[in-house]
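The chain below stands alone and is given in structure tokens; this is the form predicted on its own.
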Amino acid sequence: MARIRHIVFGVMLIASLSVISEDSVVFTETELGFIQSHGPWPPVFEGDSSNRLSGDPRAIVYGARLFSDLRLSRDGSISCATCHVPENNFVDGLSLGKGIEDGVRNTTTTSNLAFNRWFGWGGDADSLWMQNIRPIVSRAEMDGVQAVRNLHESDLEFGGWFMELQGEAVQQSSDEEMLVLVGKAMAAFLETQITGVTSFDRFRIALLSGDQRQMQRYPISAQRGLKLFSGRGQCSVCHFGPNFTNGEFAETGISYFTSKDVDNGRFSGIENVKTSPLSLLGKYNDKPQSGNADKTRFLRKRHDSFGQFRIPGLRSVAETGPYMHNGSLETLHDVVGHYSHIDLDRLHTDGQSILKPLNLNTTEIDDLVSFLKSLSDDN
């Protein structure tokens, strides 16, 4: 009787494995190479050499407070967390951000910023702390230059911490120095905001190790979407690495006209970062000898950077719509559909030659969306 049970179990196991084989998606060697490049997650973060507060536990605590402090805005109505809502994956869910005035760009998530090379849709900042200063000084967003000084003078705890770091009285420090301290403290906090492990990450490990049982826990539609993403769709060419981005800029066939003007994207971003006293080329870089400013030093404006925007990381992308620099695409289905039927006439004549209409069918679009949804962590 026992022998019969073993035989039956063996037959069932063979049948089960044959089902696994039939249902599994087969990846090419090239596709496997891209898949392998998307991990491990999270990568090791060794800190920001330009920011002496990076990794400082006190700065992380104060940075978290500052991130939600309404007193950083001119009228006390807006904090960073007003637009980058922690409970909403650090976005506001609006097509265009809204500060003291209406914005012209979509609010991006502040998750995983520790791994960025450039910051903002146009790359107007070359460090996270520099990017944190931009909305505070912008008249359209927080307009909080004087508010920062008022905060230092009215908040004894923060004022004391500031003096401890600066080694001088608050009154002797310039507005710019205080803004830099605020920006660096918030950067220390935001560096800790890393999304968790996803079902894709578990599938990647299982796929590379040949763990068939674990692989079967990953939806077959997501597997087909991953194959499209890494293969025919060529999405991995721009969205590669553990954070699913090359960290650079590209045209997307989305209009750069706004309700107010023309958004030059990277073209203006290069000029802004090169001329700013807050860039890594300036005096506030805490470790210039490390070479961290080389990327900015050798940056040059190019005609084809006009209308280019930063390629965002895709982790938790399903939770951060609407999409594109102007928030013009509401859902992931809209985004995939846009790239599937992209109008090449909307690109520069010397634009992104890699972008071609994919002409995906409905099932293929659904599969790609299923894969993108699998990049959200369990929480």
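Note that residue numbering follows the sequence shown and begins at 1. What you see is a predicted model, and the numbers here were worked out from it, not measured in a lab.
Below, we turn to the form predicted together with ligand HEC, even though it does not appear here.
Stretch 120-128 is the contacting one of 206-214, 285-293, 152-160, 120-128, since its residues have non-hydrogen atoms within 4.5 Å of ligand HEC in the predicted complex.
Heavy atoms of residue 98 reach within 4.5 Å of ligand HEC in the predicted complex, making it an interface residue. Proximity of residue 145 to ligand HEC in the predicted complex: non-hydrogen atoms within 4.5 Å are absent; the residue sits far from the partner. Contact annotation: residue 116 falls within 4.5 Å of ligand HEC in the predicted complex, judged by heavy atom distances. Using a 4.5 angstroms threshold between heavy atoms, residue 229 counts as touching ligand HEC in the predicted complex. For the candidate set 299, 238, 222, 178, a heavy atom within 4.5 Å of ligand HEC in the predicted complex is found for exactly one residue, namely 238. Distance criterion of 4.5 Å from any heavy atom to ligand HEC in the predicted complex singles out 110 from the list 279, 195, 305, 110.
Within 4.5 angstroms of ligand HEC in the predicted complex, the stretch 123-148 places a non-hydrogen atom from each of 124, 128, 131, 132, 134, 135, 136, 141, 142, taken in sequence order.
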